[in-house]
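Just one chain is shown here, as structure tokens, and it is the form predicted on its own.
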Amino acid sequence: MFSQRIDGHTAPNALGELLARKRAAGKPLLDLTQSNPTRVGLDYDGAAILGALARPGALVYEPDPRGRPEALKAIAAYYHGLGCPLDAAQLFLTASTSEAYGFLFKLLADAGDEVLIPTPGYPLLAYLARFEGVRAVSYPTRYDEKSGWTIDLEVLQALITPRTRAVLAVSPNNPTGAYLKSAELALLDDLCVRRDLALVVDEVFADYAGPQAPHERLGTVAGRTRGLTFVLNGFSKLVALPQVKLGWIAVSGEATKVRAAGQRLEALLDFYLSVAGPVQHAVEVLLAGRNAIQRQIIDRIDANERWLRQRAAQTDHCHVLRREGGWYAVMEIRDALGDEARVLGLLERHNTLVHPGFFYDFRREGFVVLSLLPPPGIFQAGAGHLLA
């Protein structure tokens, strides 16, 4: 009766079961997986945000499959500020970045086709592909202490089959924090052009560069490729308002393919019209106010990372990997304890929640992933238990 796209086995794993018991017992948690910016004590300009969302024009329903022209113009201005002369006609609004992935899988792939996704990486991408009947094939990124994380382009190329339709990249990656480098982009673009593949680049964390960000960091991939390229972003991270539900797709590359993709995307979006009116009226105001909230977040994550690195350096078994951007720290721990035993023990004995590396497809034991967003008191207490 049910589609094979959704797994019917929904039993929680051991960590989920223990977490549920802790919450049911009312235990206060030191949650170092918290990535919701609205729950970590940041100072939002509530009056400006609510005022923007309550504009009178939002009472009138004026559907446009691409999005309201004034909203698209404001987003195009954001890209102009990054040095990318993107035209508003190259932009398409969605209700979220996750929804944008779904639309692109519909646009590019038939059932049983393949897309290449990076590992380590966010597990959501494989699920979103599966929900569209598309097979996600993982390609590896490699870590070096001097150069950070880089794409293994030789393996990626070997994974391409006649059913491959797109290469996905996340810049900076979640959770490794690695930006797509100029040289990598050039090689990816050349590969996609030669093999007639689309390039999809998720830039939701792009504005959150860390102290170790590369000097040649790209402000955006949009407008920098010859091949057909789709760049994704949205308000969840850019203005730290995941609840307002706005994302977008920026299409660039060879002009003929951009036009063909745009026509198909517009027809596809016209069947859904999923973006709410109030947020479209608020785009210009919310984008204009992003610097204040971004500064708070960057100050928070940089301070938490400095503390973590200083404390880890005092141990002989913990090492914080290079973070070029994003909201997460990856820690390598060299001991005999397995990742599952480590995270279960932390939660059981210290009410501290962290993510094991295998949640993100790290290929061996010995990694944990920490959100750098929690308030310093919570972060230091929880990370202190981990380091101990």
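Residue numbers here begin at 1 and follow the sequence given. Fair warning: this is a prediction, and the values are worked out from it, not measured in the lab.
Although it is not shown, the form predicted together with a small molecule is what the next lines describe.
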*So which of T97, N304, T176, Q280 gets a non-hydrogen atom within 4.5 Å of the small molecule in the model of the complex?*
T97
*Identify, from the list A209, A198, V204, A312, the residue with a heavy atom within 4.5 Å of the small molecule in the model of the complex.*
V204
*Just one of 289-297, 232-240, 212-220, 262-270 has heavy atoms within 4.5 Å of the small molecule in the model of the complex; which?*
232-240
*Proximity of Y139 to the small molecule in the model of the complex, heavy atoms at 4.5 Å*: no
*Does the small molecule come within 4.5 Å of any heavy atom of L91 in the model of the complex?*
no
*According to a 4.5 angstroms non-hydrogen atom cut-off, is W149 in contact with the small molecule in the model of the complex?*
no
*Report yes if any heavy atom of Y122 sits within 4.5 Å of a heavy atom of the small molecule in the model of the complex; otherwise report no.*
yes
